[in-house]
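Take a look at this single chain in structure tokens; it is the form predicted on its own.
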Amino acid sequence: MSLISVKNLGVAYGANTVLHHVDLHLEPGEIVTIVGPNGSGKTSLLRAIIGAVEPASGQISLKPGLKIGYVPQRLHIDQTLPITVERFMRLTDRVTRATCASALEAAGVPDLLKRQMSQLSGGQFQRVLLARALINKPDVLLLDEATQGLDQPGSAAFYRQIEQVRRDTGCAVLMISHELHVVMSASDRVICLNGHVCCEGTPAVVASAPEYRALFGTGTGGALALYRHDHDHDHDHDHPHSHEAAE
């Protein structure tokens, strides 16, 4: 059984229809990335899956007992608020310090437990959000452009961490990304969305699809080169900049 199954989904805000006839499925252990232009309904799709938006039509089915970890696009915390990473991670869950520490280690930032949230870099902040999503050992990670605002090395390091989490835990990943070069290196399947599903398939198939090229142009040859390179050289995941980017 699919972890998530979306059939003929429609989402509307008043008279404005943002999604129509969307089909999507997520299988255990796979990484699926949703790409599309601004306003294409990507975030609305994720919000519908987690129940934050009521579908206008169609059906969303989750595997019984499915545990979802959600990493938002951004989260604003008052910089004057004195709150440690540990306290932030325990705000809504009764979890132990050891559980928090384990989740931070899985997110690639094991030494941040006592740090103030206000002192974190952008990359560290996103890793803490990832750790918080991992606390309850989810079956599925949902990420809504979780690297927005990070530089390219920081984004690449974050997505390598996502791949590591998938390898270590076996969880599936459904993520939105605007970074096409990263998508091509990190995804098993890509879904191109523009109010509806324009095309989907492996990164190589989608990158050569006319619908994808109409939206993003043909300047993604480098992305495919990166995709092939990363998958041919697994040691590339241990890139020397990965730790620096998380600092």
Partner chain sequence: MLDDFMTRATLAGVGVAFAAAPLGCFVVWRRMAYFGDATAHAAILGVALSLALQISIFAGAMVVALIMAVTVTFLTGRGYAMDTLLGVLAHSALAFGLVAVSFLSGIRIDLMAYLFGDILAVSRLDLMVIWGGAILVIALVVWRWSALLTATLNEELAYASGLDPKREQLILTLSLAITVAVAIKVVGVLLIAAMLIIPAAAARGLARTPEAMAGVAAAIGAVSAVAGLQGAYIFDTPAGPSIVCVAAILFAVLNLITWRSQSGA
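This one's a predicted model, so the numbers in the text were calculated from it and none came from an experiment. Residue numbers count along the first chain shown, from 1. What we label the rigid core is the largest C-alpha set whose atoms superpose within 1.5 Å from one form to the other.
In what follows, reference is made to the form predicted together with its partner chain, a form of this protein that is not presented.
Candidate site formed by Ala52, Leu75 and Arg132: every one of these residues places a non-hydrogen atom within 4.5 angstroms of its partner chain in the predicted complex.
For the options Arg47, His178, His196, Lys63, the one in contact with its partner chain in the predicted complex, meaning a heavy atom within 4.5 Å, is Arg47. Taking Thr84, Ser102, Gln152, Thr169 one by one, only a single residue has any non-hydrogen atom within 4.5 Å of its partner chain in the predicted complex, and it is Thr84. Contact check for Ala98: no non-hydrogen atom falls within 4.5 Å of its partner chain in the predicted complex. Looking at Leu26, you'd find every heavy atom of it more than 4.5 angstroms from its partner chain in the predicted complex. None of the heavy atoms of Tyr159 is located within 4.5 Å of its partner chain in the predicted complex. When contacts are judged by a 4.5 Å heavy atom cut-off, Gln164 does not count as touching its partner chain in the predicted complex.
Shown here without its partner chain, the chain has Lys114, Arg115, Gln116 in 100-125 lying with a heavy atom within 4.5 Å of that partner in the predicted complex. Residue displacement note: Ile83 has its CA displaced by at least 2 Å between this form and the one not shown (rigid core superposed). With the core superposed, Thr96 shows a C-alpha displacement below 2 Å between this form and the one not shown.
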